[in-house]
Each structure stands twice: as structure tokens, then as C-alpha cells.
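Quick setup: one chain, the form predicted on its own, written in C-alpha cells, and binding and motion questions come after.
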Amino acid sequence: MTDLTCTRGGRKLFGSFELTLDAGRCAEIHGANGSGKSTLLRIAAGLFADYSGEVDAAPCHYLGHRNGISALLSPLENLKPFERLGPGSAQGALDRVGLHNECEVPSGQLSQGQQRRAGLARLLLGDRPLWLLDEPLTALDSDGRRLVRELVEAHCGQGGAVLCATHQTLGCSACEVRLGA
């Protein structure tokens, strides 16, 4: 990201923002509510176009505030279409995030933490070098937070990169970027 400037609702969120995220690295974006953390991730994902500057982002997985799963479908049914993105199976991803016993339950009947885990499982399907995570620790218990840290560390250890907007530190070796300071 080079010379990135974004204004929303007549208020400048950030100006002349610069960030280079190398392979194998994780960066945590911190800032107050409304400082532009989610907007920055959406720009990197190509989901928000009202900005100036340059963005050169690798193919990515984006996990936003919402988990991107249908409440009517089971976690397995939600993930099946993503199997075609590359290596990995939906069942294997659900096992990895601790949902092996809930893979056939309609997602709307799962707790918020279990729904978050189902969203996280999508990261394990398809080979995307960049993960864009918006508040990935939301609704997770201590085991779930540890899981996120393990997933991020494994992804970075395999040469991937992670850009994470968060109010809670992930607990892994990450550089910190502060918006609105």
C-alpha cells in the first residue's frame, strides 16, 4: 500500500498511509473504533474502491466481522464450495478448528464462537498467500484465541502473510500499525 488516503463521511480516516507486508510476516492494525481498520482491510481485499493511492495485494482470503456463513447451512455445506480453490478438504478444515462434532448442525444453531471457527476454517481451504482478518478473536474462548494464533503462525511459517485489524493482540510475533494516532 502506497500513499493510501481514504475519507468517509467527510472525515479523513488516513492519509499518505504506507505499508509493505513481506511474506512470512503478520501486521496487526490497531486503533479506536471508527479509525479505519476495517476500511483498510476492505481496500486491500478489493471490496472498497473510494480511496486514492496504490494497492498491490496478493490473492487473499478475507474474513470480515461477519463469518461469511449461511445460518441455514451446516458448516460442512458452507465450506464445500471452497474446496475447489485448492488443497484441503472442508471436513479436514472443520476438524482443525474443532468443529468435527458440529459439522452437520445448521450453522444458525451454533454458538457465536463456533460460527467464528467455521469462518476461520475457510482460511484453510485454497492456497491464498495473504489473509485479511477483521477482529478474528471476536466471540472466541481462550482455546479459540490460541487456535487463531496457531493458524496465523503456521500460515506465516509457510511463507504467507497476515494483515489483521484487531483490538486484542494476537499474541504472535507481529508488527503493530496504529491508525488514528
Partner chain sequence: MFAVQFRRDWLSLMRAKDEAINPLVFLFLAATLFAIAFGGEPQRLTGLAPAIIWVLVLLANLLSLEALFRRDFEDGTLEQLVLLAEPPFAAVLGKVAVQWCLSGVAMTVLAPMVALLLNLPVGVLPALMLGLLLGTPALSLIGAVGAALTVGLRGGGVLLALLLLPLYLPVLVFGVSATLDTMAGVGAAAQFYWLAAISAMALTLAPFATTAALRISVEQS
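Positions refer to the first chain, counted from 1. From a predicted model like this one, the values you see are computed outputs, not experimental measurements.
The next section is about a form of this same protein that is not shown, the form predicted in complex with the partner chain.
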- prompt: Would the partner chain be touched by all three of L47, C60 and R84 in the predicted bound form, meaning a heavy atom each within 4.5 Å?
  reply: yes
query: Out of 63-71, 136-144, 25-33, 152-160, where are the residues with a heavy atom within 4.5 Å of the partner chain in the predicted bound form?
result: 63-71
task: May I ask you to check whether D95 falls inside a 4.5 Å heavy atom distance of the partner chain in the predicted bound form?
output: no
query: Closest heavy atom of E77 to the partner chain in the predicted bound form, within 4.5 Å or not?
result: yes
query: Does the partner chain come within 4.5 Å of any heavy atom of R122 in the predicted bound form?
result: yes
